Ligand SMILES: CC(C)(COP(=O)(O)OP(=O)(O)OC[C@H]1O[C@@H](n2cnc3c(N)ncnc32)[C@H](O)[C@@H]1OP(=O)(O)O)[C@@H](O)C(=O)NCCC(=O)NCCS
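As a starting point, one isolated chain is supplied in structure tokens, in the form predicted alone.
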């Protein structure tokens, strides 16, 4: 068996064609200095693949063909990846997965055997079918917005509105660093492209005070990547008005499913989702995360 860097020429290998999550194919086939990927081969056939990013270092994918599992293949690939990232001056590596996913407990045990810390709750993943959300009775309360309020396509914002928002983000403290809107305009780390028809701005008297950004998962599924409104407006349930607009747009699209995540640290948002959305959900799953410091010591700045 041999470990080697992934080559785009391998993308059509029978094992890879069936195993790779669709957005990851673009990460593997497009030249991207942030992508690190190794394969292990046996008799020139790919039997395992590992994929990670160096920007905000994250392990995205690790898969070994069933007949080669429990033979140290995953361990060797993970060790090769960690060594490569350490050489590239990455201080840590994150990995996240759904608690209830098939094989999740085994994956957690595998990581701990390789010296990773026990995972902790990180996000709540929600999923719903479009039609069920449209039937939510509370939506009718947001058909008419308060005077001075508007929800507009992000692309319709004027340059001066964007400049003012950038200044607010820089000099004020109401936008969490992980929800800065300008970070969601391009592809996400998994390669999923933006779905611009769901990129919206919530505007009050001309000032941008909220937003929503979404990315395409597949032909029938869209993922809301970021939704936020100014804390002073959250008691007015402007977030629900933004969701109402998103769901209306979903009915006019080909998408049949929508996913979104909420950080467990944003307890009020988790409670809002559970209270308002739970009857209409097709999925609610806890996402676990583990972080390994490649130097062996936590960085006080991380």
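Keep in mind that what you see is a predicted model, and the values were worked out from it rather than measured. Residue numbers count along the first chain shown, from 1.
The protein also exists as the form predicted together with the named molecule; that form is not presented, and the subsequent description refers to it.
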{"query": "Residue among 43, 70, 275, 55 with a heavy atom within 4.5 Å of the named molecule in the model of the complex", "finding": "70"}
{"query": "The single option of 160, 113, 143, 156 touching the named molecule in the model of the complex, heavy atom within 4.5 Å", "finding": "113"}
{"query": "Segment assignment from 124 to 132, 99 to 107, 144 to 152, 194 to 202: heavy atom within 4.5 Å of the named molecule in the model of the complex", "finding": "99 to 107"}
{"query": "Proximity of residue 63 to the named molecule in the model of the complex, heavy atoms at 4.5 Å", "finding": "yes"}
{"query": "The named molecule contact at residue 75 in the model of the complex, heavy atom, 4.5 Å", "finding": "yes"}
